[in-house]
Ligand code: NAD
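A single chain comes next, written as structure tokens; it is the form predicted alone.
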């Protein structure tokens, strides 16, 4: 999460900086209650990488069919542990239980889509020539992959790196976010129980220091990262002199959703609300900016506010089930609160205020703010339920405003004609471009990735 106010950046964990004597332990807290969920000793990164290197030759030598069968067994292990895994995700991230259950399904479904993608991307070819003989195009694994996972989808997103890496014959050292180690540990156990050894998929515990060690380690052949732009840039800079290392950066976005002519006002508003406020805005593909045709403004904004006012936010296991949970921690909630106040004091006009019912817990209500009057709008990813609105007069202006960002992950157009959407698609800078669909929830059978500060073009 990037706060706008530069004076006090949000700390990286739910606690104050640890005492030097306690630096070797990571503690995970439940955002909804503040209770301790999990604790564990920080891992020896050098030992983990060396173990993965020793395991690589035997794993790479396994027939492809064997590796595919083992990841399918992993999917079955996740099915067996589905209830426990979903409960852990809900408690550790604060997301509602229904959403945690959906994440577990994504973990399972990723296996077959990864197997299909491997077949599509690595087809073997033989080229015969009487003069040059026979030439074959074949694919080999890279070696040891470091997978660095985020906290918002602590099972699905790292799994989306781990499964393809394993199918291809790589070994994996998996470090989850220090805010979601309990989920990471359960995920790794499912791999190990499926018959993929703890040397082939290793779970390591650590914070930013251990992440840096893993990135820089000479025994690591690739870094597969999902997380913030700041961390991704640091990884890219660290490896700028190592062209031999495969680097995949999947980062955030200041994603636009463009609202154009449509008679279906309620449907259009629902797409905006879903895009902006699902997962309490803690998705890299969440809509941060609504760019709206001025003639549509009053009707659409009224409907969006009506829907947002009805959103239930609460703890993961509340009844009735909430649509939104809390932020990951109090520091994230503090940063978003400060950012909203900054926008208000610099030209923003509140349509729906950001409300924090309890200062001791990181629950925030959905917020909407009109930023049309602010000329130098901050280009940051506010990783939470704040939707910024900008009015425009024509489609060229809308596309220009959509591209007024260093990010480039997701963009969506709601309404308009097929010809107008084609103009939008051709000119907007984003890796994922949708029409009459939310910015979130991309198909995992298609490549996913971004440009600019959102990624390095690798799906």
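Residue numbers count along the first chain shown, from 1. Given the structure is predicted, the values throughout are model-derived calculations rather than measurements.
One more form of this protein should be noted, the form predicted in complex with the named molecule, which is absent from this view; the next part is about it.
Of the residues 195, 347, 357, 208, just one reaches the named molecule in the predicted complex with a heavy atom at 4.5 Å or closer; this is 208. In summary, among the residues 141, 219, 227, 222, the only one with a non-hydrogen atom within 4.5 Å of the named molecule in the predicted complex is 227. Heavy atoms within 4.5 Å of the named molecule in the predicted complex belong, among the stretches 73 to 81, 305 to 313, 97 to 105, 169 to 177, to residues of 169 to 177. Each of 231, 235 and 381 comes within 4.5 Å of the named molecule in the predicted complex, counting any heavy atom. Put simply, residue 212 is close to the named molecule in the predicted complex: some heavy atom of it is within 4.5 Å. Taking the partner from the other structure, the named molecule in the predicted complex has a heavy atom within 4.5 Å of a heavy atom of residue 284. The closest non-hydrogen atom of residue 151 lies within 4.5 Å of the named molecule in the predicted complex.
For residue 329, no non-hydrogen atom is located within 4.5 Å of the named molecule in the predicted complex, even though that partner is not displayed. Contacts between 404 to 425 and the named molecule, taken as any heavy atom within 4.5 Å in the predicted complex, involve only 409.
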